[in-house]
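Take a look at this single chain in structure tokens; it is the form predicted alone.
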């Protein structure tokens, strides 16, 4: 690569970085300006965050609700798609390829079309207006993509690894737990990361399935804050809420990014 091309490469990268980071920096900047600054005045401080903490049932309640929903969704998605991906590759049951294609076809269906059946199903299970029920719904929405990722992750592993473990005396469960899970760890982390981001930022499903204001997740609480009262909108507190909502996603991504990259480069996209 010539020096001119190298310079153009870094210049383009820097321009894209500024393009993506500028809205985030503007949001952080707006969140620490005082209320008077919203009307054109000056002022800095944490007043926006203080009003956000005191909003509704309290910021801590909304954060806790969102964490509970995300934990349920990630746990159910990871366990079911890991076992399902293993079964799709290692267990030669009839019709597994057809079943996999049907699962992929679900990705083409807008998830809003199945919200009503899911609402009725939660009523039968006694889980309406429940954080656990909402977590299960969000897990269901992530199952097709998760199963796709885990099937390809297991398919990328040599069958000799499992055969060697079985020869050494492991059971199928033991070989899966002691040998195969290490090989598909990047795929598991990728599924968990996508499931977490989807559950954390989901808005429509919590708005439909939760009716108790004290059980609202953070996106729904921010929407109510954005709606305001008597036509007034607290933009400062809203920007503070956006920053608080984004921080966990950024932190989780930075911690897991090396597994995430490996998940896409070690055969997770093998079709």
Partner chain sequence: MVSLSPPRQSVRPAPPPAPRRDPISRRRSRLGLVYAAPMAVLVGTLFVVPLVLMVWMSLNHWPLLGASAPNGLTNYQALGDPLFLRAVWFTLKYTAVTTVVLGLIAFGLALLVQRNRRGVGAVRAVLFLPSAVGLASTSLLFYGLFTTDSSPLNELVRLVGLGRVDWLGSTGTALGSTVAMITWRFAGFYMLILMTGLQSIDPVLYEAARIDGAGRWQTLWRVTLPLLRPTLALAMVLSLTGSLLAFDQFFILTGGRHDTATVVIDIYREAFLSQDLGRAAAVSVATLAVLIVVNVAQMRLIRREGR
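Numbering follows the first chain given and starts at 1. All figures in this text were calculated on a predicted structure; none of them were measured in a lab. If you superpose the two forms and keep the largest set of C-alpha atoms that fall within 1.5 Å, you have the rigid core.
Below, we turn to the form predicted together with the partner chain, even though it does not appear here.
With the partner omitted here, the residue from 208, 59, 68, 47 that has a non-hydrogen atom within 4.5 angstroms of the partner chain in the predicted bound form is 208. In the predicted bound form, residue 223 approaches the partner chain with a heavy atom inside 4.5 Å. Among heavy atoms of residue 147, some come within 4.5 Å of the partner chain in the predicted bound form. The partner chain in the predicted bound form comes within 4.5 Å of a heavy atom belonging to residue 235.
A residue is said to contact a partner when one of its heavy atoms sits within 4.5 Å of a partner heavy atom; residue 92 meets this definition for the partner chain in the predicted bound form.
Along 92-126, a non-hydrogen atom within 4.5 Å of the partner chain in the predicted bound form is carried by 92, 93, 94, 99, 102, 103, 105, 106, 108, 109, 110, 112, 113, 114, 116, 117, 118, 119, 120, 121, 122, 124, 125, in order along the sequence. Relative to the superposed core, residue 169 shifts its CA atom by less than 2 Å between the shown form and the other one.
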